[in-house]
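First, one chain by itself in structure tokens, the form predicted on its own.
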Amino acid sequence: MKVSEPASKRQKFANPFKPGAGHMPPYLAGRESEEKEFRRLLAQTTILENLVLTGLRGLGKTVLLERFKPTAIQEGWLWAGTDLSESMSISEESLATRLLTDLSVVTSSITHSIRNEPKFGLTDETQQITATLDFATLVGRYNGTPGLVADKLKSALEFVWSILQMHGKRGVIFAYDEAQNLSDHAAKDQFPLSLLLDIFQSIQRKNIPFMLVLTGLPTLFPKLVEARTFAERMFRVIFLDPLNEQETSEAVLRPIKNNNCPVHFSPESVQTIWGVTRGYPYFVQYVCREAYDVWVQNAEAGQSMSPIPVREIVAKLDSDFFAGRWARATDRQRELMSAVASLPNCESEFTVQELIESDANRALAKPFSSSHANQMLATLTEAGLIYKNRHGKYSFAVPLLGGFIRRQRAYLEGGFAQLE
């Protein structure tokens, strides 16, 4: 790495790297195939496939969803949506209110004509007046329809489309982030997730171009299929992977080049960042931001440039990203995850059998049995630390969590962990 500008000029440059939840990076690397697939879905004349965008935290799902939005708008689609909170999942009514609220935000400026029936004895003429597709109009249509929540919601959505198509709109994208928060509640006789799937299947069969785009953790798609088996045929699932080495290099170097930054990352520094982050976009942004700040501060102080302070940055990352999640686990849950972290395949997939037969499990004062491991893995899945895929295998739901656990074990044993 090097600094190529005098101090007076360097002060004008802000750090271009932006680690954060949903923050658009200065350069979005390695997502060309996903964007191409989204454009294919937008070209559908009849909606046969909706989109599920899934993957671990830190892979850029929210960022990519935001990238899709202007693409859809340019193609003539309206874009409605928000983050899905657990409150939306309380009842079917709350789901319906959420959908109508989000839809009204993008339709409230669209006008349509309605008949104003004369009042008895005042006039015999029926007048046409102009109204908008605002929230009051949508709710009025909803409340004016007899039947169940599903009947009311279908009526409101079909009414909206009858107006939108006259204004030349291509359709509506209903885009929801953190969609794994949506659930059915059989004990309370409330099925908002099933309702969502039923509604969109029904209106799409009527050739209404309203498309669902859902993003969430890997538990999302199995939850959709569990609610309605037809969901397996209803969605195109894109699982985001980490960036490869070349894409990681672009994510590091392009922001520097595009912004004419005074700090330049050497090939050795880029290789170090790849080794630390393994291509997870959030970690790439985090490590680059920290390294950039250190180098600029050293330059301002007249100090010579040094290699990336890897251990210090990793320690800060452990505190900022991993520690809070780790703190929510019980001691016994930590024992199980420590055993998982000892597996050579812990960052990909593992089975319960591999876990209970591991040397780390056998070395415990109270090793886990198969039944106990299954129970605890289910609890950890609910806590968002583990997820089970459709093939019955498990994975950490937090990227590179295995390395963090091994570092914690080294700290407890009195040593300072080597970077993995």
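Numbers for residues come from their place in the sequence shown, where the first is 1. Predicted model only: the values in this text are computed from it and were never measured.
Keep in mind that the form predicted together with a small molecule is missing from the display, and what follows is about it.
This chain is displayed without the small molecule, yet in the predicted complex the stretch 57-65 from 43-51, 57-65, 379-387, 364-372 comes within 4.5 Å of it by heavy atoms. Listed residues Glu335, Asp184, Glu178, Glu290 were compared with the small molecule in the predicted complex; Glu178 is the one with a heavy atom within 4.5 Å. Out of the listed residues Phe200, Phe159, Phe265, Tyr282, Tyr282 is the one that sits within 4.5 Å of the small molecule in the predicted complex by at least one heavy atom.
The small molecule is not drawn, but in the predicted complex it has a heavy atom within 4.5 Å of Ala251.
Within 4.5 Å of any heavy atom of the small molecule in the predicted complex lies no heavy atom of Arg406. Shown alone here, Ala410 lies farther than 4.5 Å from the small molecule in the predicted complex, counting heavy atoms only.
Among heavy atoms of Ile356, none comes within 4.5 Å of the small molecule in the predicted complex.
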